[in-house]
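Before any questions on how it binds or moves, here is one chain, the form predicted alone, in structure tokens.
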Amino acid sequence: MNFDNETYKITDSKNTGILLIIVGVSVTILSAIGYFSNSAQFFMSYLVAWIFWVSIGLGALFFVMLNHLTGAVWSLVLRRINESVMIALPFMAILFVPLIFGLHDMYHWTHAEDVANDAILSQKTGYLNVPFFLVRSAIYFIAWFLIAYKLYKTSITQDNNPTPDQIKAMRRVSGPGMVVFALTTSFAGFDWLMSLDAHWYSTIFGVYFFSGGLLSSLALLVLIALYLRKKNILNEMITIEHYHDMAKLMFAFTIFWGYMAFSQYFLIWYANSPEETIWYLHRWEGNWKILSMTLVFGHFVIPFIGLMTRTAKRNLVWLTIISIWLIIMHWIDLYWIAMPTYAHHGFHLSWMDLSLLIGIGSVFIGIFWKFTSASAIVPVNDAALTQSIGFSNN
């Protein structure tokens, strides 16, 4: 891998993105063999893997908009990496298509006979019906595409023909974009995950879904930056000070995720309503109890303690380990949310869980890499870039 220090472009990896996409599509198609032996398992594994990568793209989109709205300087040198991640998000709409054929396998509210005999589901048909579900999903991706495309296009234009109005333009998009993002992300979490058990509901679920995606997106950002550093790319621009701040954000959103998870559990436990507590009961049956406790310690306690000190936040080897750990925990979290609706009394990992995670992930990373290698890897003509490179926590 070669890097042009004048144009800030990676110059010899044009085919890497295409290769990753081909590998990803091939692995995903091969995973479809599992459909013929267990269609329900195939679609549930596909759903978890797909939402995992979608949530990471959403986290990157949020981070880019947040940077524009706050005028943050320290993260400017990282902006293009996040932009390349967020622009991969709209392409996940294509990979949503296979899920359309599995709605009947995944969502109980698509069974007309059962809904007609269910007092709760019959009252939700105005919202939970297949045509409206698909329309809402399309709206989410259209909204995310418009926001991400406008921000990305303006940022790339700034590289070639910088003007003072471009920063203002990206901020103007990010303002209403953040409101649209909050609504669409929350409702996407409701539709794609919470409605798997349509009897259950939680008004905090959308924020819970968002917080996990943002945390894993920050972890991926750290891993990408460290990978580039290993290749001697941007190692003098993305300094230990930037890693320190990324670690501080991971620490903060570890607490935020824990707060959302505990708040949801505590309110349901306190109310003690059977239609709400049953959701947690399903996740306390059989070996689901193991995953429930894994999330308590693995998704909160370990990263909370592990990222608490200044020394830990500035140790690049430790940041690599904790970032990989957080990404794994996010997948376990989504698996824990979705799979009990399929396997009520205990989980049994399937080879499709791994193959589809790799397949869809390879497509996602391939798209990311195509955009990364197509332009400068930093916003080279942003007026605040020099200040961002020289940022210090001292």
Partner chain sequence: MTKTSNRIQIAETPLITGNQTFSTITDKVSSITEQKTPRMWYVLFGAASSLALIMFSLIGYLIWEGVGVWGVQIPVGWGWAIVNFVFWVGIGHAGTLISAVLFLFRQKWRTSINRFAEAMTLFAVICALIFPGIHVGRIWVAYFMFPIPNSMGMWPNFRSPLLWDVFAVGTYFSVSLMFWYVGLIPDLASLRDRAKNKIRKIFFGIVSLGWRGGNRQWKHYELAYLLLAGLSTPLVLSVHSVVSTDFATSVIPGWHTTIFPPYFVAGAIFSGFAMVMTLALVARKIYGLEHLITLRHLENMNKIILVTGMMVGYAYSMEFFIAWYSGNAYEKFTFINRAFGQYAWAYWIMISCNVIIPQLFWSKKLRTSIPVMFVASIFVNIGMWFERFVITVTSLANDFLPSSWDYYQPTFVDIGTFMGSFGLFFALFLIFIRFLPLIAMSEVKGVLPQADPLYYGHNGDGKGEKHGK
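The shown structure was predicted, so the numbers you read here are calculated from the model rather than taken from an experiment. Numbering follows the first chain given and starts at 1.
This protein has a second form, the form predicted together with its partner chain, left out of what is shown; the following refers to that one.
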Report the stretch among 316 to 324, 79 to 87, 201 to 209, 287 to 295 that approaches its partner chain in the predicted bound form to within 4.5 Å, counting heavy atoms only. 201 to 209
Residue-level question: is Y8 within 4.5 Å of its partner chain in the predicted bound form, judged on heavy atoms? yes
Taking heavy atoms only, is W74 within 4.5 angstroms of its partner chain in the predicted bound form? yes
Is A383 one of the residues lying within 4.5 Å of its partner chain in the predicted bound form, judged by heavy atom distances? yes
Is there a non-hydrogen atom of Y227 within 4.5 angstroms of a non-hydrogen atom of its partner chain in the predicted bound form? no
Looking at its partner chain in the predicted bound form, is some heavy atom of each of M170, L357 and G366 within 4.5 Å of it? no
None of I156, A143, L234, M194 but one has a heavy atom within 4.5 Å of its partner chain in the predicted bound form; the exception is M194
Report the residue, out of V135, A116, V179, V97, that has at least one non-hydrogen atom within 4.5 angstroms of its partner chain in the predicted bound form. V179
Taking heavy atoms and a 4.5 Å limit, what residues of 257 to 274 are near its partner chain in the predicted bound form? Y259, M260, S263, Q264, F266, L267, I268, Y270, A271
